[in-house]
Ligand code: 1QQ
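Next comes just one chain, in structure tokens: the form predicted alone.
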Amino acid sequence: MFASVRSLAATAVALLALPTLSAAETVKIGAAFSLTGNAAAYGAQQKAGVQAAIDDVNKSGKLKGITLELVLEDDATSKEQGIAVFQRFINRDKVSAIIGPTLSTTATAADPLAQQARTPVVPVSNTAPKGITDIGDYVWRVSLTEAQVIPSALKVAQAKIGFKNAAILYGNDDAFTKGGFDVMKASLEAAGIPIVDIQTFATKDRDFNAQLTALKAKNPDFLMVSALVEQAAAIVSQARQLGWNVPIMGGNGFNSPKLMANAGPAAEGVMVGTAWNKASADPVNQAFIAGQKARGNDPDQFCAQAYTGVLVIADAIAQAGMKGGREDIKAGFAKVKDLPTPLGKFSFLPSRDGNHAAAVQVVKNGKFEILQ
């Protein structure tokens, strides 16, 4: 008996002398998306993108012993709800990074909480040109701003159509749509294109006939609209119902299949600058699309950006030496360079804004196609 005890003790000592193996680490990623409310069309696609990316990264073995765990919540397209969700992510769930929220308006309210708590935030759809990365050095934006997309999209559209003047319609009570208007106005002015009229609306509006009638009376060659997709579809439909066939270009809010689903044939010919070239033959993009279709989803730009957000966080963990703490991820972001993603080769600018190629889409036969 004593011999067996001595044998067991010797074995225990030998095992203790071996190098210890750390248990597999789980890194929690919070995702706050508009699953309800005015921006729910975007949130549904973002949810699909993030869930697929978490699965794909975990299956790939890229993070060697680290498993990403998704904590998903609804920001309800609301500042108040966005703040509450961020508080839970930071204090209750102890997430290492946060993706979202969906809208810039919600981000301006919620992101400061993360900045104060030194928790990295990855905006994947906040395109307001000002007020997002300005919040602080823990905010690293994947989504291209309207200022990065609209000027080049306008240049392509003018070369294609040759319009000589323009009008603008925009939502004046939302940070994203107001920011989009500022860029549209500046882009037209920089291109020397006269603006014949500007009209506004509120987020809750659904009848735009008064504004469209006033704009139509000025007979512009081109109409630029900064709106969320629910209003965008109604604006396009009502313009055509008025017999007004002016070429229309939208801001980032138009980038959803909901535009065609809600506006129907009225959406034909509508143009929009985009951060995602769906037609790209890049293998990463094609694998992303195939993966989404296998899951029963037809992805849009918001899905691709959300998917990319997870890839960026995963690469930051790898760049930090396979460390998934908040400070590790923040430090890793600075080393992300030319990362292959569905959006193309992705890097961060010194401003902590995303940097990759943009494109212009046009609605043709009920679907978005790249405008050549």
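Start at 1 with the first residue shown and count on from there. Owing to the predicted nature of the structure, the values given are computational and were not obtained by experimental measurement.
What follows is about the form predicted together with (3S)-3-methyl-2-oxopentanoic acid (1QQ), which we do not show.
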For this session: Give a yes or no on whether each residue among 102, 228 and 252 has a heavy atom within 4.5 Å of (3S)-3-methyl-2-oxopentanoic acid (1QQ) in the model of the complex.
Result: yes
Exercise. Quick one: of 154, 114, 239, 128, which gets a non-hydrogen atom within 4.5 angstroms of (3S)-3-methyl-2-oxopentanoic acid (1QQ) in the model of the complex?
Worked result: 128
Exercise. Is residue 276 a contact residue for (3S)-3-methyl-2-oxopentanoic acid (1QQ) in the model of the complex, using a 4.5 Å heavy atom cut-off?
Worked result: no
For this session: Check whether residue 176 has any heavy atom within 4.5 Å of a heavy atom of (3S)-3-methyl-2-oxopentanoic acid (1QQ) in the model of the complex, and answer yes or no.
Result: yes
For this session: Evaluate residue 89 for contact with (3S)-3-methyl-2-oxopentanoic acid (1QQ) in the model of the complex, applying a 4.5 angstroms cut-off between non-hydrogen atoms, and reply yes or no.
Result: no
Exercise. At the 4.5 Å heavy atom threshold, is residue 42 in contact with (3S)-3-methyl-2-oxopentanoic acid (1QQ) in the model of the complex?
Worked result: yes
For this session: Within 4.5 Å of (3S)-3-methyl-2-oxopentanoic acid (1QQ) in the model of the complex, counting heavy atoms only, one of 188-196, 162-170, 213-221, 120-128 shows up; tell me which.
Result: 120-128
